[in-house]
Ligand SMILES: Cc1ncc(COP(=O)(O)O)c(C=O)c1O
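Only one chain is included here, represented as structure tokens and corresponding to the form predicted alone.
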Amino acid sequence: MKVSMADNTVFWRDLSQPPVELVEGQGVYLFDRKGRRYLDAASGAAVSAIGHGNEEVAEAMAEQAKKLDFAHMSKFYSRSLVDLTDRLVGISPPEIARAHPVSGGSEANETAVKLARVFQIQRGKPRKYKVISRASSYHGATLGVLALSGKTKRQEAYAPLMRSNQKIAPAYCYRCPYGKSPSTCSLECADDLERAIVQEGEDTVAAFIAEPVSGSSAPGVHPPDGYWERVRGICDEYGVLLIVDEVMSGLGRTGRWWGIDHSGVVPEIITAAKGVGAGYSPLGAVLIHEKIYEVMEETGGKLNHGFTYGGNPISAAAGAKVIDVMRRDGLVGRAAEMGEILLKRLKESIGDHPQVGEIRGRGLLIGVEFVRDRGAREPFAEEDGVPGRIRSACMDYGVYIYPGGSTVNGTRTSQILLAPPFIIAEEGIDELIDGLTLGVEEVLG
């Protein structure tokens, strides 16, 4: 049920497109006030990993609320917070020693960047402050991490307020900036990091941040084999911290607990959100390598930074229960299994469409890129509005999808993100495919 601007007092983020009022969510489905049912094929925004309406999580939150609703981390903490951090560290590489709680992905990446800077100061490298990122990326809405993102349209209005940074080539094989193919690739996109570090001055670069599997900026894009090993070696050579943004790809969505786990590389910092709270409460975390913790502990370093609701006991209780449910029900393995099925059926159903350029992804983090000309891989212009039009058409067929960002010069390409809850069954995938196919045919013919 759509609403008009006059129906309530909410200031919407897009006043030209009032949203649909939802009243219930159960499993993989959402219901509006008129009783219309939508298959949540995007988990909202890669959030609702374990599905909607999970009573165990709701009960855990209610029980915590009865005991303790708030504990400010400047002086206090709760047992539910320790339960959450224990679980997060427990599903991470052995070298990850600590977890710092926040309320979302932007907060997590902002915290990671500040931590990297403080760490470099504490280890005696005060000139290291620059952070390098990639084009075709998105790391959050705060001014600090928006500046690290490669989505030009999102930055335009705020550019005068932001500090610019060096962005290297994306690991985006379909649109390789070097004109290579997988058979001729020499990981030039990874080597571009070394070029950028040398250009900036190796004594000034503190960290490199990137997503192991891209989310909203280039849905489903992931580097070729060997990329992360090359990046790890470059970071080690120049004393640069590796920050892996797992806000969308983390907590099992790619079929491993962390997207970076597919490579075997261990970063110094992992940022997480979305799937941590699985939609039940705003929640995120920064996972920290033991070497950072040891330096901070030895030097008495203080991270002069924090958010009011970081470590909220009710949110922490939700996150701990979400991980328990994932472990008990084998949902990470299920994400891998159902992702293979979804990817296969997508290719069978729309893979030959003349305006489908590429279908890619890992686990249940899948992207479909649409093109004006398949042979030339010519992208649609932003004003064509293809992702939004496909989303609207799919909604009419009872399927909700997530429109992706612009990745060619930060302003062009048309993509959608498919990231259903891990609990989706094959029948749900059939329903998703049917609705998406009809939506694509309606918009693109």
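So that there is no doubt, residue numbering starts at 1 and follows the sequence shown. None of the values given here were measured: they were computed from a predicted structure.
There is another form of the same protein, the form predicted in complex with the ligand; it is not shown, and what comes next is about it.
In the predicted complex, G363 stays away from the ligand, with no heavy atom inside 4.5 Å. Taking non-hydrogen atoms only, S78 never approaches the ligand to within 4.5 angstroms in the predicted complex.
For Y138, a non-hydrogen atom is located within 4.5 Å of the ligand in the predicted complex, even though that partner is not displayed.
For A318, no non-hydrogen atom is located within 4.5 Å of the ligand in the predicted complex, even though that partner is not displayed. Checking S263, S92, S281, S106 for any heavy atom within 4.5 Å of the ligand in the predicted complex turns up a single hit: S106. Though the ligand is absent from this view, in the predicted complex it lies within 4.5 Å of a heavy atom of just one residue from L342, I269, V113, M248, which is M248. Residues of just one listed stretch (310-318, 329-337, 296-304, 239-247) have heavy atoms within 4.5 Å of the ligand in the predicted complex: 239-247.
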